[in-house]
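The same protein chain appears twice below, in two forms, each given on its own as structure tokens and labelled structure 1 and structure 2.
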Structure 1
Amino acid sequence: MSETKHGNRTQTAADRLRQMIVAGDLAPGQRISERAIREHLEGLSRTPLREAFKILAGEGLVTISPNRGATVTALSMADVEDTMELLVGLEGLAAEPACKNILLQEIVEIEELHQRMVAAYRAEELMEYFELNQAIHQRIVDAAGNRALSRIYAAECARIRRYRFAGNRHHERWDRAVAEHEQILGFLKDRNGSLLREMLRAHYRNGWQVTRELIGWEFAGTDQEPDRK
């Protein structure tokens, strides 16, 4: 079975690289030489790889400097904060239309995600918890039924994912977050848009405050000095 089909090497490369960056396998600021990556993603030639770089650059995940190649985009604390503020705002925009438009079926699905998230919380499965948490928020935004909004929200989440995740290692916040999620679901079911918006706002701010302190000192080394060999 020759895996050598025509038509998706670029996309595959982009997907794998995105995964690596978003999951944090590649450090921010780190240089990604075509050579190094091709050793990991064997059998890949330069052209699709370079096209993949361009795709990821468009998503803000890598930064390309002319004649100097690609690096994993390193965000400053200010960049991350700006983006968090934007995400809060986007969820706020989604709240009322989501309450108006959401189907019972969708609420059930979100509750299911929530149950799985609680299970992951009990099992202390960090990654799973984080993923489901994000998925729930995305689903709420999606429920607003605005494709442009959903797209932007997803893209911006991906961009700062690793920074938020870095602050997720401490459990103390989790139980409160779970409680907040339950309130959020409650308002969604009651279709109370304005309260949902306020709750999402508070939820985000609470979470980010914890995260910010945890990652604060991490920035000292990673960000100011873009990269070192």
Structure 2
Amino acid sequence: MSETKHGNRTQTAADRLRQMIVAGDLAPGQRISERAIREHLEGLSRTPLREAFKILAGEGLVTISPNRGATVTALSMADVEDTMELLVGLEGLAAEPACKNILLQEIVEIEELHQRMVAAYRAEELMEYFELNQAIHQRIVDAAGNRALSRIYAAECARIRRYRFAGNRHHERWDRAVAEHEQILGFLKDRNGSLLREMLRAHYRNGWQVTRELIGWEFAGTDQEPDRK
């Protein structure tokens, strides 16, 4: 197998496993069966799969141990809350310099992502919506022009990805999140850093309030998921 083809299979496996973890198809603490995943991914060989595990381990989504192999990383409620507070702070730091430094073409690109996100919302394509949502937030942070800030933000977002996704499964929160994104885009286009900072802070905290209620059953050690309506 060529190096390019091997690399593509590794990346494909990592992308698919990431989606399964984020969507909750693989639960926190669950051991990931290599055989089951290879069958699910149509005969993927062992080497690219194990390399995919290493990619996800680097993102904090998977934990690899000698005795158990790969398991889905399980975080505590405190871990998730602490990370959410960190992300609030990082986006707050990015807001004003982003409004100051962002190029017109970058605003256009973010607006295009926003329109695609709204289309995914209307089509009820939750994973597509979520990926576009995350891309918008990362672009705003990147626009601040601080590579260290961008790097830390991306790493911490990846680590709690499945928990942030969970909040959007609540339909009322999903509706409200789209409306909040309209305001975020408006403040960015107006280059109003102070209002963008406050809107991002409110957006995060509104989302976490719903997410905490939805995932509380996991941390309580029950197997009964609450109603998502």
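Numbering runs along the sequence of structure 1, starting at 1. If you're wondering where the values come from, they're calculated on a predicted model, not measured in any experiment. Only the largest set of C-alpha atoms that superpose within 1.5 Å between the two forms is called the rigid core.
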query: Looking at both copies of this chain, which one is the form predicted on its own?
result: 2
Co-membership of Val62 and Leu90 in a rigid part between structure 1 and structure 2: no
- prompt: What angle, to the whole degree, separates the smaller rigid part's two positions between structure 1 and structure 2 once the larger part is lined up on its C-alpha atoms?
  reply: 20
- prompt: How much does the C-alpha of Val72 move between structure 1 and structure 2, in Å, when the core is lined up?
  reply: 3.9
